[in-house]
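The chain that follows stands alone, in the form predicted alone, written as structure tokens.
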Amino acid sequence: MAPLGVAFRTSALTAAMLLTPLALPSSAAAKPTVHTVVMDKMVFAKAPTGVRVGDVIVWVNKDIFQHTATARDRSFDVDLAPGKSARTVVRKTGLVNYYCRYHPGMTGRMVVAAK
């Protein structure tokens, strides 16, 4: 039988290990969210909310016309034929205004937060 002091230290160590949260790798905790923005009837759908740096934006052109999703700050420029889609990764924080180069009246904006 182990001395009382050894048994107590072992029990305290076991309890501490059980109560300590496990550290997850940062890549597991920071999986990017995928947001979708649809272009249809000559407008961009409502911009996604909760966008963070590293997230993915899927641009979908459901219109019969060619469209772009072009950031005014030049952080992305996606050119889409009718019925096509493409992905961009958000790289910077702040307010991002975007438009269609072919149809400048088509505009949108999204707010991007840090990770």
Partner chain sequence: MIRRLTLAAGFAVALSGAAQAQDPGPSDPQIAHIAYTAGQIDIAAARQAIAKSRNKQVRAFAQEMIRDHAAVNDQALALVKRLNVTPEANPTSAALEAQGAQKLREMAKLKGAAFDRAYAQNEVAYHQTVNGALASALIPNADNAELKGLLQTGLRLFQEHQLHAEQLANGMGKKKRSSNNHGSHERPMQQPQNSGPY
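Residue numbers count along the first chain shown, from 1. Note that the coordinates shown come from a computational prediction; the quantities given were computed from them, not determined experimentally.
This protein has a second form, the form predicted together with its partner chain, left out of what is shown; the following refers to that one.
Checking 44 to 52, 83 to 91, 69 to 77, 31 to 39 against its partner chain in the model of the complex, the stretch whose residues place heavy atoms within 4.5 Å of it is 69 to 77. Proximity of Val96 to its partner chain in the model of the complex falls outside the 4.5 Å heavy atom cutoff. Residues of 94 to 115 placing a heavy atom within 4.5 Å of its partner chain in the model of the complex, in sequence order: Tyr99, Arg101, Tyr102, His103, Pro104, Gly105, Met106.
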